[in-house]
Ligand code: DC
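One chain comes next, on its own, written out as structure tokens in the form predicted alone.
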Amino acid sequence: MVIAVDGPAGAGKSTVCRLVAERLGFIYLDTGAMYRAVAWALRETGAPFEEDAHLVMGLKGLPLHFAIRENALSITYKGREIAGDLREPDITRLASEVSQRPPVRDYLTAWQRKLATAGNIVAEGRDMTTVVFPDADVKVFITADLATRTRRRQREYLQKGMEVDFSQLLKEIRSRDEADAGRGIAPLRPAEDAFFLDTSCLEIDQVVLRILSLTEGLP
């Protein structure tokens, strides 16, 4: 079974999808981490990516590997786990830039579909319901108002010991929304048959239960 969840930055997708996967015993696939990993690895190698031809060659040579271990995504660079390196604001900004490039999306879409063959999954991202898994058993679009999403993202950074100005973060998330919705390839939008869920006034447990209810009766 595939549960596909899309939504804008700070909507709470990661936390909710991780909990849904735990409750169901499914694999949790954080595709946002995959885009951040590519951004981090491109910066680490210094590979040029101004033009798509250079980017294609750079992606082929990246010593980056994705796998499923203990029902979760494992990301290694030259054999070293790099998950802890991927949440810096600079990497998030660079990931937003590279995610708009067709070679990167093609590269990671192939990886995401390959990883999904490992078992039942909960996949979250920006184009899970519309591009990567258009035939998913359950499709959900999670959102929240901009101020709520900014507060959530700021709280995530603070928990990691990173001070981020609220106003600046709000501008960055608004800019990310515009880039995600306006890009020519795989724009962020709800799939026509997705369940739309505004989490602005909902607690995490309430969101989890609503998504779990959508799986009831499915094989």
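These numbers come from a predicted model, not from an experiment. Residue indices: 1-based, along the sequence shown.
Beyond the structure shown, there is the form predicted together with 2'-deoxycytidine-5'-monophosphate, which is absent from this document and is the topic of what follows.
- Taking non-hydrogen atoms only, Trp40 never approaches 2'-deoxycytidine-5'-monophosphate to within 4.5 angstroms in the model of the complex.
- 2'-deoxycytidine-5'-monophosphate in the model of the complex is approached by Ser99, whose closest heavy atom lies within 4.5 angstroms of it.
- Interface membership of Lys78, defined by any non-hydrogen atom within 4.5 Å of 2'-deoxycytidine-5'-monophosphate in the model of the complex, is ruled out.
- Contact annotation: Lys114 falls outside 4.5 Å of 2'-deoxycytidine-5'-monophosphate in the model of the complex, judged by heavy atom distances.
- Of the candidate stretches 68 to 76, 91 to 99, 143 to 151, 114 to 122, only 91 to 99 contains residues with a heavy atom within 4.5 Å of 2'-deoxycytidine-5'-monophosphate in the model of the complex.
- With respect to 2'-deoxycytidine-5'-monophosphate in the model of the complex, the three residues Lys139, Arg189 and Arg210 uniformly fall beyond 4.5 angstroms at the level of their nearest heavy atom.
- Residues of 125 to 160 lying near 2'-deoxycytidine-5'-monophosphate in the model of the complex, listed in sequence order, are Gly125, Arg126, Asp127, Met128, Arg153, the criterion being any heavy atom within 4.5 Å.
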